[in-house]
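Next up: just one chain, as structure tokens, the form predicted alone.
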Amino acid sequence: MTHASPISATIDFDHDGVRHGFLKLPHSHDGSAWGSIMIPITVARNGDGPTALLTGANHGDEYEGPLALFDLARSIGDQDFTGRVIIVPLMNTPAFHAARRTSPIDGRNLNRVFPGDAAGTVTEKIADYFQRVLLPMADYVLDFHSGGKTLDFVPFCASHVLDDKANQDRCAAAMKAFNAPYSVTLLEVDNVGMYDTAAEEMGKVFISTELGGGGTARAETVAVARKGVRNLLKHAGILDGPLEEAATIHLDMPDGRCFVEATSVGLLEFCVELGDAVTAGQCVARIHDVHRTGGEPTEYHSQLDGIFIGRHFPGLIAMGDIVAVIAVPT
């Protein structure tokens, strides 16, 4: 049995103009018996044209997307545009307000529960609304990410290898137009239940980002986000004007050798900096045993020649955590 979504929009998606409102999800809890989760949304439309769906805070401890999208929501009405822009700066609103990757309500990771469930948990209901209501409206989809509290990355825009090669080319072109300092054909550690996969399976032009991390945002990475979203809208034919272009380094992630994984626990020491070139066999990090003195640290080595693009952020690391991410220049 298919259930109707419990989420309702307080604004219209189909009329011209700029509207600010909410996606309203009823949520009864100890603090409010008849309460609702209010997810901010802006819809800007001007005649017929492509639709861009722009999202931030899919994970609640990632901030470049919300900063860029709140800014765009304020300014979109002052710009010449054609078509429709749907802006959801806080896709996972409960996680954002708790400064968590996952929802404090049900513990679920929004980016691992697609296609969602209208009769499921709060996070599953949000995923279901995007799957059945918002994604079908979109031609272009941009989902902002960064490393959150546990990872840090060079600022990059990403697209994926797809079975649909024509759409893979369209996604790669959108990634190139975004024009981050790095452009990565991204290999996911786990793509089951991802928003990315849901959009790509619908044939949407989908791109994502990793713009730093550490549970904060820097001036540099926010500037990349703001420029990139404008460039995407220009690429889509929604905004007028030339792309704002600078040099970008194109990188590929060919296989699982790109990931260096911890098989020990302890105090993490990096031997290289983000953006450094590394060679196969080079030591990129050491993990020190903190339970006793006198022992040698465990060394972790790059498995290929490439660029050091991502790292574990906290000083302590657990077994199974990603130590480092290496990508190959193309």
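For every residue, the number given is its place in the sequence shown, counted from 1. These figures come from a predicted structure and were not determined experimentally.
As for the form predicted in complex with a further copy of the same chain, it is not shown, yet the points below apply to it.
- A single residue from the set Asn167, Asn109, Thr82, Thr248 has any heavy atom within 4.5 angstroms of a further copy of the same chain in the model of the complex; that residue is Asn109.
- Scanning Phe153, Tyr140, Tyr129, Tyr182 against a further copy of the same chain in the model of the complex with a 4.5 Å heavy atom cut-off leaves one residue, Phe153.
- Contact annotation for the candidate site: His15, Ile86 and Ala173 all lie away from a further copy of the same chain in the model of the complex (no heavy atom within 4.5 Å).
- Using a 4.5 angstroms limit between non-hydrogen atoms, Gln282 is distant from a further copy of the same chain in the model of the complex.
- Contact annotation: Thr42 falls within 4.5 Å of a further copy of the same chain in the model of the complex, judged by heavy atom distances.
- Although the partner is absent here, Val278 lies well away from a further copy of the same chain in the model of the complex, with no heavy atom inside 4.5 Å.
- Using a 4.5 angstroms threshold between heavy atoms, Asp289 counts as touching a further copy of the same chain in the model of the complex.
- Exactly one of the stretches 130-138, 97-105, 231-239, 195-203 approaches a further copy of the same chain in the model of the complex with heavy atoms within 4.5 Å, and it is 97-105.
- For the partner-free chain shown, Tyr63, Pro66, Leu67, Phe70, Asp71, Ala73, Arg74 of 53-75 come within 4.5 angstroms of a further copy of the same chain in the model of the complex, judged by any non-hydrogen atom.
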